[in-house]
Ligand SMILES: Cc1cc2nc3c(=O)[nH]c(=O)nc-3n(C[C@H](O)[C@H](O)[C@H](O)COP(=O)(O)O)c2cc1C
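Single chain ahead, written as structure tokens, the form predicted on its own.
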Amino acid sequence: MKTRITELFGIKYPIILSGMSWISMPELVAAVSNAGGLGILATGVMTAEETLEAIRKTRTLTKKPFGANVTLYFPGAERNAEVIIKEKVPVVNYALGKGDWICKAVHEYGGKVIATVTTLKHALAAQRDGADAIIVTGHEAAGHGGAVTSLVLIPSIADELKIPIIAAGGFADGRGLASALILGADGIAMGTRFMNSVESPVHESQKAKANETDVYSTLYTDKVDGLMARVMKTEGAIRLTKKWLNPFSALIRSKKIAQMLGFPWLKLAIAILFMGYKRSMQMARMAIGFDAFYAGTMEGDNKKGVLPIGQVAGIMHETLTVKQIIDRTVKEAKQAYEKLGTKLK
């Protein structure tokens, strides 16, 4: 299977592992790359030291191309980006911020850059800034998807961009891959599907629950981490949508964020004071979200935690190895094209 994405990154199949905090760790990243896709290491909740360790561990597990992401919205993200660049990671994925400086630095050592976007405006900005490809995240996606569904968002952006597009949000099998290619994408990124894999570090009870859920069992809310995000509809998620915060919560909770990310708390606290009410509340929610995402993802706690999960979980019914997922997806995509050919005659 050959597309602009496989040629750009030197991979066998146009299938990408979404960079998911606490989930897209070295073992899962390497498994995806070794199976012919592109694994992306998630560094959003890591310190610079943890990022360095994770990159080097990934390199011991695969000799194939892999990537690492950086969430520019998070405090201290620039330090993680500097580590990724210094280590010359083959592919760098950035989101929620301006990445022209990342593109320049990565291109200097011959690497490639992917920007993650949810709108045409940001897609065009990423192209101007020098990104080699973009991940377009639709409304169906787990975590921070956009307001428009992939069925509409992908072609609307494909019509305007020159660089390759990776479709995310609503993809878990070969039908999805074939559809994305028809809509104008050059590949797909899967988060929820790889979250529910044998190699995934997600708590086993959450994988089992994902196998039993349907397409209606998610919530889309900004009450978890301050940004619009899709999570599994659980007791914990519903509780967070009703949680009230006061402006001082941001200052109190920012200490936990700073400790987790290895960022100076005083510097963060001063910044929060000048952010204004709306951004301060986002920071407070972010701290809550960090706790909730970790509890739901790694501890399997659906009473105080939440699990980011896409609507596509409703068409997944078993936990497979990464290789089985990729091989099956490619096989189904080819079958879908053959079937379509017969219908169009």
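Start at 1 with the first residue shown and count on from there. Keep in mind the model is a prediction, meaning the values are calculated, not measured.
FYI, the form predicted together with this ligand isn't displayed, but the following is about it.
At a distance of at most 4.5 angstroms from this ligand in the predicted complex, none of the three residues Phe9, Ser33 and Ile134 contributes a non-hydrogen atom. Checked against this ligand in the predicted complex, the residues Val224, Ala168, Ile154, Val92 give one hit for a heavy atom within 4.5 Å, which is Ala168. Exactly one listed residue, out of Ala185, Ala126, Ala141, Ile84, brings a non-hydrogen atom to within 4.5 Å of this ligand in the predicted complex: Ala141.
Though the partner is left out of this view, Ile23 does reach within 4.5 Å of this ligand in the predicted complex, counting heavy atoms only. Though the partner is left out of this view, Gly39 does not reach within 4.5 Å of this ligand in the predicted complex, counting heavy atoms only. Although the partner is absent here, Ala189 lies within 4.5 Å of this ligand in the predicted complex, judged by heavy atoms. Within 4.5 Å of some heavy atom of this ligand in the predicted complex lies at least one heavy atom of Val312.
Heavy atoms within 4.5 Å of this ligand in the predicted complex are found in one stretch of 141-149, 212-220, 100-108, 177-185, which is 141-149.
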